[in-house]
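Single chain ahead, written as structure tokens, the form predicted on its own.
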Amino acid sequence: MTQLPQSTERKLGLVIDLDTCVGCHACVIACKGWNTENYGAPLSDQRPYGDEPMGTFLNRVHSYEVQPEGGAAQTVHFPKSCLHCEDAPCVTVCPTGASYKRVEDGIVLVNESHCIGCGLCAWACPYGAREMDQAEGVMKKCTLCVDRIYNDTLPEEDRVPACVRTCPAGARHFGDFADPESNVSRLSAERGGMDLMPELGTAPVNKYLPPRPKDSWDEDSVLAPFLEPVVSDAGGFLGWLDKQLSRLPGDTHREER
């Protein structure tokens, strides 16, 4: 079985803000594109235009409706990929050494030339973050775009995972958790970054920022003054338009006006 390093020089990973993610799946498409059309190993698709399409994706987004105790219901979009755990069970269960964790940065990778497609790592991963590529018969997983982050031919702003670079909401952040002053370390400390299923003891590197309550308003917000009504009784054209609209059938306030 493969051995884990006792420690790593860096702990590269992601912070994912569940309060900001809008579930647009741009990260999913960017990941699929980069790992199929560029440097990464191709991710196959089966029956992409058939009745039951399926394929290999290293990043997925799940959406849930949650009801916080005493709060309003809200939809939470939950991106999921490899968490690059410090105590990664997918590594220690691999019989060929194909799955391994790098000492220099803590990234968990798969050497596809050594992978026999036994699926043990997928069974051991409690997060469902590994996928068997049906075309190639080997296991695929998130690499944190290792072929991007160290690529000197790319502009510096592009040397981050494709999912981070493309997120339109700024919900994904990349950095080194071994550095307490890094952007991901500070974000996690300030917003209460959480481990996914910490009771399993895998010590995932990636952190999730919890969604903020949606049914309360901070009176000190800089936007609060702009939410006050400008006038109580509109005049001019807007006043005339309001009266005309109030005469339309189905206006429940017509009698009041």
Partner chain sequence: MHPATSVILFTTLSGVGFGFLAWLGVDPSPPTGLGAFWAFTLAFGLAVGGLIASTFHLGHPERAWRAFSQWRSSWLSREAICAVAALLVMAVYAAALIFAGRHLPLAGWIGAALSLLTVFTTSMIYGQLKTIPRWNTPLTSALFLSYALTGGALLSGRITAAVMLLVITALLQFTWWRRGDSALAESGSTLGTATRLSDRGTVRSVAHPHSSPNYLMREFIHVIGRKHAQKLRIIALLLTAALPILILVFIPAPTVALALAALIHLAGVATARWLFFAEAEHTVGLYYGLR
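Positions refer to the first chain, counted from 1. Note that this is a predicted model, so its numbers are computed, not measured.
Missing here is the form predicted in complex with its partner chain; even so, the following discussion is about that form.
- In the model of the complex, its partner chain lies farther than 4.5 Å from every heavy atom of C142.
- By the criterion of a heavy atom within 4.5 Å, S185 is excluded from the residues contacting its partner chain in the model of the complex.
- Among heavy atoms of A203, none comes within 4.5 Å of its partner chain in the model of the complex.
- The closest heavy atom approach of P95 to its partner chain in the model of the complex falls within 4.5 Å.
- Contacts of stretch 46-68 with its partner chain in the model of the complex, defined by any heavy atom lying within 4.5 Å, are made by R47, E52, P53, M54, F57, R60, V61, H62, S63, Y64, E65, V66, Q67, P68, listed in sequence order.
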